[in-house]
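The chain below stands alone, shown as structure tokens; this is the form predicted on its own.
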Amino acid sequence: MSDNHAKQTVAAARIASELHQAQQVARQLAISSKNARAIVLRAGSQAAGLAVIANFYDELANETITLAKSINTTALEISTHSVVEWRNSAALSNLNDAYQLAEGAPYKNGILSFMSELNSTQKSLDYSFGQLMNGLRNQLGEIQQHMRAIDVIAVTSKLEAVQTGEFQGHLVEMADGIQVMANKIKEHVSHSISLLGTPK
């Protein structure tokens, strides 16, 4: 396993931890979106425009929870993959040592055949490792987009809340709370992306 892969595997484990915390915040976000929907229902026709917005909150929060779970699965796959890669790399290194020591041995070339097979496996493992890391980056990017969308929706809902009379205060307070939660999730995701570093 290369040093770069080892670092990325450690980063994936730390990202899983960051996203576990983000998942907890997303659960609170989902609860807040349900509360927002309840207030919208109580406000009736005054808050008709907010009904769709409350549904968006809920949808994005649930998708974020699903993505965070999926990232944990990806992090586990990266960890498992790294162990396989490390074993393959160690076997290749040992065969190389054996080949160097087998000067004049009649079956020396048989070692080359095994080495060739392991080299081929190593290339395949490198490729799939890259695919897993790209998948992880995409999943993190998707969560970031969700949080940006929630931020925009929160601003819109505060504007819409003006028309809800007595419910305005509750709805604005709720939108502020939702923005705070979205920002917390964004911080976890930004930190996770920084852990991944620049793609190689």
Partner chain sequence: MQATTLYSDKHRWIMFGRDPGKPEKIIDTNQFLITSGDQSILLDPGGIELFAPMLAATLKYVPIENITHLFASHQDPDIISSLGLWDQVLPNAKLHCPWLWEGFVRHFGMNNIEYAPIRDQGETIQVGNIDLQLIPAHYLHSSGNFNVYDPVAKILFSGDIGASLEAPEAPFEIERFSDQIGKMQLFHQRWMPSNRAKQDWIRRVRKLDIEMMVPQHGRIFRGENVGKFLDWFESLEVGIALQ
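Positions refer to the first chain, counted from 1. What you see is a predicted model; the values in this text were computed from it and never measured. Basically, rigid core = biggest C-alpha set you can superpose within 1.5 Å across the two forms.
The form predicted together with the partner chain exists for this protein as well; it is not shown, and the discussion that follows is about that form.
For Arg87, a non-hydrogen atom is located within 4.5 Å of the partner chain in the predicted bound form, even though that partner is not displayed. The partner chain is not shown here, but in the predicted bound form it comes within 4.5 Å of a heavy atom of Tyr107. Although the partner is absent from this view, Ser116 stays clear of the partner chain in the predicted bound form, with no non-hydrogen atom inside 4.5 angstroms. Residue contact check for Asn94: one or more of its heavy atoms lie within 4.5 Å of the partner chain in the predicted bound form. In the predicted bound form, no residue of the candidate spot (Leu159, Val162 and Leu171) has a heavy atom lying within 4.5 Å of the partner chain. In the core-superposed comparison between the shown form and the other one, the C-alpha atom of Tyr127 has shifted by less than 2 angstroms.
A displacement of 2 angstroms or greater separates the C-alpha positions of Asn109 between the shown form and the other one, with the rigid core held in common. Remark: with the core as the superposition reference, the CA shift of Asn96 between the shown form and the other one reaches 2 Å or more.
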